[in-house]
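Given next, in C-alpha cells, is a single chain: the form predicted on its own.
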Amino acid sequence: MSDAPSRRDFLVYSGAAIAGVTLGETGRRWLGRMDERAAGWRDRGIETFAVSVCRECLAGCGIRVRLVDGVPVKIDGNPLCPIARGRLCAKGQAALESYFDPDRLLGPAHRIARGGPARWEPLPWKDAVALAADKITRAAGTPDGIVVVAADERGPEAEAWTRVWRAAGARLAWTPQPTAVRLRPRLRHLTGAEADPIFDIEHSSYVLSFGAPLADDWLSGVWAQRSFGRFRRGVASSRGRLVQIDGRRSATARKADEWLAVAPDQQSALAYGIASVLFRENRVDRERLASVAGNLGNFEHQLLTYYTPDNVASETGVPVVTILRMARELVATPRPLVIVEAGASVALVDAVLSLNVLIGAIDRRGGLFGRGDDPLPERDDAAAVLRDVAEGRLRPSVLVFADSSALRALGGPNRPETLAERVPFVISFSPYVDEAAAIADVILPADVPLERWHAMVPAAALGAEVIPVAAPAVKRRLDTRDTGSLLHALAVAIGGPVEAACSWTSSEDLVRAEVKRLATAKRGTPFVTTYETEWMQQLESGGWWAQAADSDAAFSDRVLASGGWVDPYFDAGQLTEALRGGRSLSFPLPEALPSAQIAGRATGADAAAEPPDTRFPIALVAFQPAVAATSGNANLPALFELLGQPDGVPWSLWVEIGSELAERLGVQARTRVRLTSAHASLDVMAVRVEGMPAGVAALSIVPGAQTAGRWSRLIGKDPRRLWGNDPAARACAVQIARI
C-alpha cells in the first residue's frame, strides 16, 4: 500500500499539523496505524541493511542503514567507504530523524495570502508545478528575473540543476561550504596549479593550526577526525604535536598541546611574523625558492621590514619569545605542516600556504599536496546575492531555493522575511519547514536523503578520487519527489530550450548514467576493503588495472551495492609539476601593519580592549558549533542536545568570555547575560574561558531558529540580528551585562 496521503487525508489530521501541510504528531500516528508493517513488530522483525550516502554536509561519507521490516532504525558508517571507513559523525547519525520528522512537509503546498501569519494549503503536484512554471516563464525575459540559490556541490545532480536553470536564463548563486574548494583559488594564485589542497595530517609530526577546527568539523569532518587520531597515535613515528592558534577555546584548542588565543583578524600577522623569523635566521632554502619564485626578494623584504617579532608581538599579544620558538619548532621537526580554517580571510590563507612553501611541506609525506581536475567556474556567493536582494540592490521576480544553506550562512541575511517582501514569488524545494520554505509562495518538496538516489563528488580530503553512489535506502514515505523528477517536470511545463536541456526524467537516470560512465572508465574499483584499495593503488601506480567484474553491467551493480567508486591512484607531485615551468611561484606581498597598531599599543589584549564606541566595548565574533545543521534539516532534537552548551543545558545559545570580564560580571555556572549591540539585544548563557583575549567574546550561532520546526524554534531569536545589516562573518561591537 502507498504511504502517500490523499487530499482527503489532509483533512483528517490537519488540525494538529503546522499550517495543515506538515505531518504533525497526529498524522504521524495515523500513518503508523495505516502502515501494515507496524503490525508485524509484535514478532521478531526481519533485519536488513542498505547503503546510502550522508548528505548532511559535502563530505559525502558512505553510510549503512539498518532496517527492521523495511523501516530504518539506525545509521552507521559504511566500512567500505574510503572517506569514513565505518565512522560517522553526529550529524550523519541524526539524519535518521529527518525521515521521521513530524514537521516534514506532506507534499506540495502554496501560500494562501501574503501578509500576516503564514498560511499554506496543499496543492496537487500538477497544479504546483504549473504555478511555478508560469511564474518562471514570466520572469525569464526580465533582467535578473530569476535568482536560484543552492549549496555549492559537484556531481551529476548539481550539473543537471545548473543546466536547467541556465537554460531558463536564471542567475545561479551557490553557498560556499567550509571545504578545500574555498582554499583552491589561493593555492592557484600561489603555485599556478588548478587543484584542491590536500593536507596529509596523519603523517605529519608537527601541525601548526590557524583556526582550523581539526577535532571539530574541518574540510571533511569524519576524515579529519580519523586523520587527527592517527596523527596523535604517531603512525609515522612519534606522537604528533598540535599547536592551535584560535580566537576561542574550541574543542580543537582544548585537545591541542598548546593554545594561543589570537583574534582571527590578527592571525595573518602572526603567520607572517613566523615567516619573517625563518628568513631572518636563514632557515629557508633561498636557492631552491629563487628558482621557482619570481618575487622571493620582494616577499622577504616586506616581511623583514614590517613583520619583525617586536611589531607582531605588539599587534597580536603573542610574546616575542613564543614567536621565535614556534618558528624554530617548525623547521626542527621532520614533517611540519601548517593548516588553516576553510573560511579564513584571504590574507590568512595566503600566509599559511606561504609558510608551507617556506618549510618545504609541498608534495612531501606529512605535507601539502594538490588534487587537480578541470578548472572550476566562477560562482556567485549565494549569501552575498541574498543580501543584495534583501537590501533592494537586486530585484528578481522569482527566487528559487534548493535548500536553506544561504539563509544559515554567517554572511547571509538574518531576516529571511525581508526577501519575501522584496521578491514577488519564492519557490522552495525543501522537504522541511525550514527558513526557505517558511517564506515560499509554493513548496515543491524533494525527497529526504534516505529516500534519494545519490552520485556526488565529495569535498576533497584524501588523494584518491571518490564518488559515493547509492540507490534509495528506504521507500518514499510522503508525497515528495526526487530532484531530477522535479527539474524534469518544471522543464516540460516551461518548454522550449529549458525542456530541451533536460535529457533525463528522474534522479535515477542521472545516477545510472554516472555509474555507466564509471564502468567504462577502465580505472578504479567499487568500494572495497582498505587492503584491496591499497592493492589497486599499487597496481595502478605500475600502469595496471584489474577489472572488478566480468562486465560493465556487473561492475555497475557492484558500485551501487558497495556504495560508491574509488580510484586510489594519486599523483603526489602536481604542485611541484606546476612549478617546474620556472618562477611561477608567486608569493603574496602583505601590507604593512598600520603604524598606530605597531607603535601605540603594548599588547594585543590592550588593542582588543580599545573600544571604537564606549557604549559597545566588546568585539563579538560568531562561530557555528560542529553539529549545527548548516544545509540539511535544522529540526533534529539529537543535535540540539549535542551542541556543546554549558552545563549540558540543551536548546541554549551561549557566549564565551574571558576571565577578566567574567570576574567583573560575576559569571558563575548557568549565569545568563544580555548582549546588546546598536541593532538588537539577546539573552544567552555565559561561559568563562581561561586565556581568552580580553575585550573579545565568542557567540554560538545555531541555524533554524526562525523555522516552524518544533525543536529548532526553541532556540528563539536569531543571534545574527545583533549584526544588523552587516554579515556575522566579521566582528560586531556589543556590551555585555548580567541579568
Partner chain sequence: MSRWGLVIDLDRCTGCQACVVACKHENNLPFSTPETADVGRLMTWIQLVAADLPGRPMPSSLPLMCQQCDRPPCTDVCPTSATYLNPEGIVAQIYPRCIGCRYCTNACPYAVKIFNWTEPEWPESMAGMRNPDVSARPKGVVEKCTFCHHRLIAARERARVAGRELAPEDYVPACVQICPAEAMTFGDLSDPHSDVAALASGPRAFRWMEELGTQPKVVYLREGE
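Positions refer to the first chain, counted from 1. Source: prediction; values computed, not measured.
Missing here is the form predicted together with the partner chain; even so, the following discussion is about that form.
Proximity to the partner chain in the predicted bound form, defined as a heavy atom within 4.5 Å, singles out one entry of 362, 327, 132, 215, which is 215.
Only one of 101, 341, 403, 153 lies close to the partner chain in the predicted bound form, with a heavy atom inside 4.5 Å, and it is 101. The closest non-hydrogen atom of residue 66 lies within 4.5 Å of the partner chain in the predicted bound form. Mapping the unseen interface onto this chain, residue 229 counts among the residues with a heavy atom inside 4.5 Å of the partner chain in the predicted bound form. Taking the partner from the other structure, the partner chain in the predicted bound form has no heavy atom within 4.5 Å of any heavy atom of residue 586.
Taking the partner from elsewhere, residue 556 is found to have every heavy atom lying beyond 4.5 Å of the partner chain in the predicted bound form. The chain is drawn here without the partner chain; in the predicted bound form, the stretch among 341-349, 376-384, 631-639, 414-422 whose residues come within 4.5 Å of it by any heavy atom is 631-639.
Shown here without the partner chain, the chain has 710, 711, 714 in 709-733 lying with a heavy atom within 4.5 Å of that partner in the predicted bound form.
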